[in-house]
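Structure 1 and structure 2, given next as structure tokens, are two forms of the same protein chain, each shown alone.
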Structure 1
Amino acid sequence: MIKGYPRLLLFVLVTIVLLWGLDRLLFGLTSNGALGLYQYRVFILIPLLYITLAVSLNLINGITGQFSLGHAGFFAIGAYLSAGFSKFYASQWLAGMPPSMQGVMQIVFLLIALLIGGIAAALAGLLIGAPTLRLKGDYLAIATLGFGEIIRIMFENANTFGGPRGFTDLPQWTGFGFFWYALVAVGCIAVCRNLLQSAHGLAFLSVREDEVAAESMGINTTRYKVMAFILGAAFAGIAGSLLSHYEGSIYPNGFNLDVSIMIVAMVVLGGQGSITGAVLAGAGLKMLEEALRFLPEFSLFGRTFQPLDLRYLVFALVLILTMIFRQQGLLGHREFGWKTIGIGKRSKVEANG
């Protein structure tokens, strides 16, 4: 085990340096006008955010074979609770510090806020997972759907968090944004990828392939389903925390059922069980949504439509075509290789499934 730690440390350091360098490059391009702030946000930051959400849900829906429709609830918990800590506590502590320390302490408080968002969402994943994950199929989907809507309605009626007006005037500590968004996305991908290579990953896959057979082999299927929920929820909470600290305001409607359905669509389109498939679909569907904004309006049946108004129809058509022509999604259970360009081999568990 000790031999692996220097390699892991080297990977972390190289990743941080590369992402910081890309962040500075994008900052320079935006500063000199070569890249607009709108393009920077909707074609770089938002796809990175949804990559994290899609990969984290893929751990639940794709790798473990469950069907959750409540991912937006974990997203909201991380966003609201971390923002509450930063606005009501950290910003006041920061104001009382010398100006020379405020830059460093902003990063410290941001890390604490991300930790709060991730832990709070993980605890919610435990609370919803423990009693409901003995359910299967449609029953589990309905239970998680109800959970997501309950969370949204709770924040919508909580005056402390702005209620239906939204939680505004939040501290914006993510700097230019790309570094933190990309770091969380890379971290989520790395954790899920390495988990799949471990014995625990094989247990997750066995639950997906045949739960009865897994239990007969001594695998505690409920435990692994709850573990998947906790990990997936934690990354969704961290993603929500990043969103609130970059945007400076969040609203209950930004965490409704439509968001959960869109993330599920990303997982299905990319291939349930494929991490790189979730990455491609997560970025692709959000970029497709934003590209619809640039198309001209048109008239149909006596009404005038904006292409963006029909985005859910477009997503539905994409999913229908996927189910007709490629039921396993873009990549199925396959992954792009990490050492070479191309499609990597499936694991023995998937190959025998």
Structure 2
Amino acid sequence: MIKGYPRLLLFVLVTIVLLWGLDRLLFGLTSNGALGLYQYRVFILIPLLYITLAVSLNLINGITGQFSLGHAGFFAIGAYLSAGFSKFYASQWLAGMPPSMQGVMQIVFLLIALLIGGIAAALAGLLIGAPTLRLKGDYLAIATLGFGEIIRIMFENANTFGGPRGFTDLPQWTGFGFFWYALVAVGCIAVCRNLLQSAHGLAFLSVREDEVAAESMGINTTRYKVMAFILGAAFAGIAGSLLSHYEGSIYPNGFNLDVSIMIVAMVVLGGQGSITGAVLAGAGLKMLEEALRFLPEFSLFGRTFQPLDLRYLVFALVLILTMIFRQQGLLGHREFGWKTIGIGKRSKVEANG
């Protein structure tokens, strides 16, 4: 078996080829009408974006145990700043290039835009992480909630970015979208999984479990908390860049507290700390939200109920019932992967001395 960096490179290459193939396949299917663009959008594309958001928040909330309600803030920073770069600079540069180069350069600029989104959000993560991580539990949640709202209000007041009227006419460089959305989701999952498999990941977990004990084991808890914020924010920022480069327009209201709460709900529902859980809940909740559009009209006690009005009530009900019957979330702390089918990695040995 190949090991080390060649293995990493091989993994990256195989992923790119596979995702590109899948992208073309889906594109073909939507072109000949076998797959509806609606189904593609709401049951594949948007869930992929929320997988990235849920897995990245899971790093902060689930794995490191820092309750953050500000993920939409990082999402917004990535979306706005990357789009700003592409709209105000890159698209101008692109227009000045010979047409033969534009195809390649568009991909290069998109990659730079994603990087800008990630780095900008990571810096914000550092900025919010460093001072507020002295806070714990509810206090941290309130501080991060405030942060998320500040970011949104900031963009609401930034005329350069269109203010409340939205930042529109952005270059839509992700094209069909699947390849890039899936690449980022896979990248985010891979990084988190690598982290959790290494001893470094244990350091993050130890912070969640017991900060005092972690410190006394030589873990610089502040550093790990800030790192979790930086990493989680970076991926949320990249997700934001994807959004703005796919949709072509973004609005401050698309990054409000509802979005943060939705992502937290995904992490909690999936089982705090479980990557697989975050993936399932991230995709599942977004799909459910749309699938509920298909609720039919029905009559009860002589009154007709329109499914449209009930959509979010049912949505909330599903969340509530899940939390009543499965408090640890769908997967608890467990992961589901190839090993689960074979021999459990973390078997529950009876501990009787």
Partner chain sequence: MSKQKRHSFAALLSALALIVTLNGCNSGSDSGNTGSGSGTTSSSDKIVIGVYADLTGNTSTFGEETKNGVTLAVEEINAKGGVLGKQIELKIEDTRSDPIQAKNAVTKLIQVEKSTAIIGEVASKLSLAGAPVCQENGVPMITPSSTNPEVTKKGDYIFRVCFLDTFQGAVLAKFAHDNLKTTKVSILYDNSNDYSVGLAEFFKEAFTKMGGTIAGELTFKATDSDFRSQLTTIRGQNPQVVFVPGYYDKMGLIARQAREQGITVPMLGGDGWSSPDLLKGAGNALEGCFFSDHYSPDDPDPKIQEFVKKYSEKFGKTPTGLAALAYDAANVLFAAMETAKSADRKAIRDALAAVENFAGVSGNISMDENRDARKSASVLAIKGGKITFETKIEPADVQM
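Numbering for residues begins at 1 and runs along the sequence of structure 1. Keep in mind that what you see is a predicted model, and the values were worked out from it rather than measured. For the two forms, the rigid core is made up of the largest set of C-alpha atoms that agree within 1.5 Å on superposition.
- Taken from the structure described as the form predicted together with its partner chain is structure 2, whereas structure 1 is drawn from elsewhere.
- Relative to the superposed core, Leu288 undergoes a C-alpha shift smaller than 2 Å between structures 1 and 2.
- Remark: with the core as the superposition reference, the CA shift of Leu29 between structures 1 and 2 stays below 2 Å.
- Taking 2 Å as the criterion, Leu45 does not count as shifted between structures 1 and 2: its C-alpha moves by less than this amount when the rigid core is aligned.
- Core-aligned Cα shift between structures 1 and 2 at Ile320: this is 2.5 Å.
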